[in-house]
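Presented below, as structure tokens, is a lone chain in the form predicted on its own.
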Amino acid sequence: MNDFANETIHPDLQQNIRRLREITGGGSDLMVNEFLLSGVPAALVTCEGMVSTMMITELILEPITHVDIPNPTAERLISHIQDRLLLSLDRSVADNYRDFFRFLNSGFAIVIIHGASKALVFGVQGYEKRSVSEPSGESNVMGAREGFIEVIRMNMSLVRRRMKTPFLKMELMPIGDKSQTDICLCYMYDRVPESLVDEIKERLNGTELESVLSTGYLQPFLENKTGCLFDTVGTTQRPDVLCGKLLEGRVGILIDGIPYAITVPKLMCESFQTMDDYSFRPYYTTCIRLIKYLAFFISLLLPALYVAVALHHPELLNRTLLLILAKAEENAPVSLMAEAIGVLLVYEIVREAGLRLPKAVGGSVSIVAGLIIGDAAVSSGLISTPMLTVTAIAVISGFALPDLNQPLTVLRLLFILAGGFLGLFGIGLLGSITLFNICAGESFGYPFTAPIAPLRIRSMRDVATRVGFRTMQKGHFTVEEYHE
């Protein structure tokens, strides 16, 4: 791509066409249709399968073939088309081959005229795309059913339809040397500091990626180099969630070809919030959020606490519970710590198999794994019933927080190791390290643990609890309040 990035379009039509075929290596999807434009040789260049045949016929071919001006030249024809003909709402000009192929492979029709060192570009996209449907990963009860799709301009319209304010700014820019993927920065320019937008643009422009095929390609460049156990860059499939983040002063990034939006900066408390929280009554939302915080600690610490207490601190258990655990574990062939790690690893294997296999087979894998682990393993004595119960409760608790699945999976195993070797002291030590890591995390200078640390009493009204909208409407607050 760099070989012809700054190479200007050749004014000679035939030499220009030869250069196009040379760059593409004679690709069969390059369609070049030569014709006479008011007596001047010209060509319409498209990429097969990327344009709408009906649109290109009605909006471009029919009007442009009827152009007839006296003493036609390339400059006069270009001026006439740009000033007198509309042809397409999405129009531009390509001065070099880099821009030429970026427009061509994005579904634009390009007109090149003999004697002109630039090409006219018209948007007539007609490629197949998935229709807007409910996102599979962020379901809700009373909210909207629309989710992002793979087409960036459609995603932009989903956001714009909800945010009709002129303060919402969308900036398109290409990224990726080979793919030239379009990304769109969305932000409310009256609420986002200009320095934050400039820093995000600087980091994105500093990437040396050849392509961007998922959000994971860009996330490392938007996170701090020091690293945090939890994601400091948020993602969402829902336009309404993105609009809520924009109103709070965050920046959204849409990527062409990916049905997810990136949001920065991200706060820890966002992982415990959903769009349904603002559809239910405050007392019910508060109850659900407290349950989620409890589920977080259960998922993270319950197996480790069971192993630590049973191995190192049995005096903390009453006599009846201690006898039950001793009887259940007396026939187990391995230690409690190895048993807990083994059960969790088997669960991760089953979960990964269910995700990667076709849906018709994925359900069968879960059923077979449940029968083997839940019945056969316990009956044979390989796994004790209390251990299986504890790990199952921990895993199910993690389902309540899908956004934290990755760090919970790894930390759960580490806490089991710490509890197995050092008991409650090891759990406390690792817990302190984890807490320090979370508190030290930041995203573009904004504390990851805000508004809990540093404490902002006014902002706490939508963290562990949620106040009513009558109170919320008395003044919005943004992440700029948390800047150090």
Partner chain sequence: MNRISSGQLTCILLLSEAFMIMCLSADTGLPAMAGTAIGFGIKLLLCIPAMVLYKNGFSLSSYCKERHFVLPVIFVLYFIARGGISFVLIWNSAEQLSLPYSGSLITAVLIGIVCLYTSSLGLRTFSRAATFTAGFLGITLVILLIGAWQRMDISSISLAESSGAFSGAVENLMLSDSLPVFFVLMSFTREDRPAKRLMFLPIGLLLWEIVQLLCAAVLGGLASYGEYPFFLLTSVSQPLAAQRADAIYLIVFVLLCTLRITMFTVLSAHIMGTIFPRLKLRSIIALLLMIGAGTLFGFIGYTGSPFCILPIVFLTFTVPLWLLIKKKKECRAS
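Numbering follows the first chain given and starts at 1. None of these values were measured; they are calculated from a predicted model.
Omitted from view is the form predicted in complex with its partner chain, to which the following refers.
Contact between Y284 and its partner chain in the predicted complex is not found at the 4.5 Å heavy atom cutoff. Though the partner is left out of this view, S379 does not reach within 4.5 Å of its partner chain in the predicted complex, counting heavy atoms only. Taking the partner from the other structure, its partner chain in the predicted complex has no heavy atom within 4.5 Å of any heavy atom of P41.
Looking at N33, you'd find every heavy atom of it more than 4.5 angstroms from its partner chain in the predicted complex. For the three marked residues, H312, G431 and P454, a heavy atom of each sits within 4.5 Å of its partner chain in the predicted complex. Comment: its partner chain is not present in this chain, but in the predicted complex one of C439, V67, I56, M50 has a heavy atom within 4.5 Å of it, namely C439. Scanning F297, F167, F399, Y127 against its partner chain in the predicted complex with a 4.5 Å heavy atom cut-off leaves one residue, F297.
In summary, the region of this chain contacting its partner chain in the predicted complex, judged by heavy atoms within 4.5 Å and restricted to 193-201, 71-79, 315-323, 110-118, corresponds to 315-323. Along 402-424, these residues reach a heavy atom to within 4.5 Å of its partner chain in the predicted complex: F421, L422, G423, L424.
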